[in-house]
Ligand SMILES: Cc1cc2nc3c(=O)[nH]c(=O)nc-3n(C[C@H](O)[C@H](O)[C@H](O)COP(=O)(O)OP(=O)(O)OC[C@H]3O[C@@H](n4cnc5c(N)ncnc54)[C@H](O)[C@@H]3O)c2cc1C
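Form predicted on its own, single chain, as structure tokens, below.
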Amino acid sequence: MTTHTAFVLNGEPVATQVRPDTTVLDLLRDHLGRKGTKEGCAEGDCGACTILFRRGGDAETPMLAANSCIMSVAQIDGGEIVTVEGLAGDGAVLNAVQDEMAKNGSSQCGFCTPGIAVALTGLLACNPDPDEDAIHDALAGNLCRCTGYRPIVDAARAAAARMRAEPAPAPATGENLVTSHTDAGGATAHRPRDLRGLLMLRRDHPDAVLLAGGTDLGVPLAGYETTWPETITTGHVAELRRVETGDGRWTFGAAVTWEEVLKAVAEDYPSFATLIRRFGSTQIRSMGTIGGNIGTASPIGDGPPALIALGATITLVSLEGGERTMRLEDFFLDYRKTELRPDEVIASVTVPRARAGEILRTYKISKRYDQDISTVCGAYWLAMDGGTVSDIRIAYGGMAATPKRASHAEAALRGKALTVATAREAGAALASDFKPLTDWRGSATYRERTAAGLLERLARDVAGETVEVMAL
């Protein structure tokens, strides 16, 4: 029996019977006639397809920018979407952002403009007085090849001033209930609401796609390279959406988004916060999850090196085996292979909070500063006793088939003063930890030298000799 997906679009309820593995971009453009949302890259990079989205059941949370090209219909049941056509609300032609962009010459060809207007509207709804950094962060997921960003940033400032002086109504929203499943067009989406329901579905449907944020899995879907006959989503599982703080640590449910992780860790670990902003734009952070980032087991994923360096643990759970908790570094076995059993799911990730005498630094080397895949990502946690390294954890991404600790480099620094000389000794020891590959992002030699150079940067950084530079 065909069942529909229901959601709210620009304040109006919508029910659709398209396949749940249809992308939201295709739904909007091809089935609902909302042509203002554009397809640029179909990979979640350019932002032309940006919409505002709020997950069903999260009525108290703000609507955030998201990439509709890599989002599936399975994820939007019971949720709310605002497209560029709905930004101004009932009876208005343009909202303040759109009006200021038009006045300020912030558009030339116009292809990227709808996504930019949506992204900035999302920013100003959350932050009515953004500084320069906040505006650029909001625009990091939107590419414009015509105007450059100065007039766009100027329009954002002008719109913010107008909205503070004369607050305008927010885009119209509504609310629907999340349904347990959708069957349409030969595809099925299951939406469990609790952990036991998720585990039962995982057991009974072992071949179903387990879908968290979809920021990785959604790319081949957007490129019409795959279909998902059966999907199990995790975004409505209450236990997986919790953030618990206590006993000197956070426990993040596996379906907690990177935007939520960022808000939690930014004060304790500003270097980690910078890394999170760099590897995911607002559009990616609002959908991508901490559990999904770990579960894909990418050797170039940027979250795991930092989490490993922090000493994070991961909890896995199944109906038959119950819970088991392990160090995150032990979860990764080989390229795209993990400890996760067929009937298990990642339940949570536990991360220690910062303590006096401890230091965390993360450095990402990539061809582009924002939203690019790392060539090398290094993460360094140190416990200092005066000027001596009493304990240390070093983890790298991009250097092996898995995110991995550098035990020989750690041993070279443990119990010693952190100086340029000892950092260079540790850099030489990396040859015993890694045999990196050569690919189009960098040669093995480049990776070896870069990883070693980052240890020297760490020593200079901790000594206060370095400043933030755009090359890192």
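The structure presented is a predicted model; accordingly, all values stated were derived computationally and were not measured. Residue numbers run from 1 along the displayed sequence.
Below, we refer to the form predicted together with the ligand, which is not included among the displayed structures.
Between the ligand and the residues Ala74, Ala159, Ala379, Val345, the one pair within 4.5 Å by heavy atoms in the model of the complex involves Val345.
Exactly one listed residue, out of Asp433, Glu410, Asp45, Asp26, brings a non-hydrogen atom to within 4.5 Å of the ligand in the model of the complex: Asp45. Stretch-level contact analysis of 391 to 399, 82 to 90, 119 to 127, 371 to 379 against the ligand in the model of the complex, using heavy atoms and a 4.5 Å limit, identifies 371 to 379. Though the partner is left out of this view, Arg278 does reach within 4.5 Å of the ligand in the model of the complex, counting heavy atoms only. Using a 4.5 angstroms limit between non-hydrogen atoms, Leu217 touches the ligand in the model of the complex.
Although the partner is absent here, Leu240 is a contact residue: one of its heavy atoms lies within 4.5 angstroms of the ligand in the model of the complex.
Within this chain, Thr289 lines the site of the ligand in the model of the complex, having a heavy atom no more than 4.5 Å away.
Across the proposed site, Ile70, Leu211 and Trp258 without exception bring a heavy atom within 4.5 Å of the ligand in the model of the complex.
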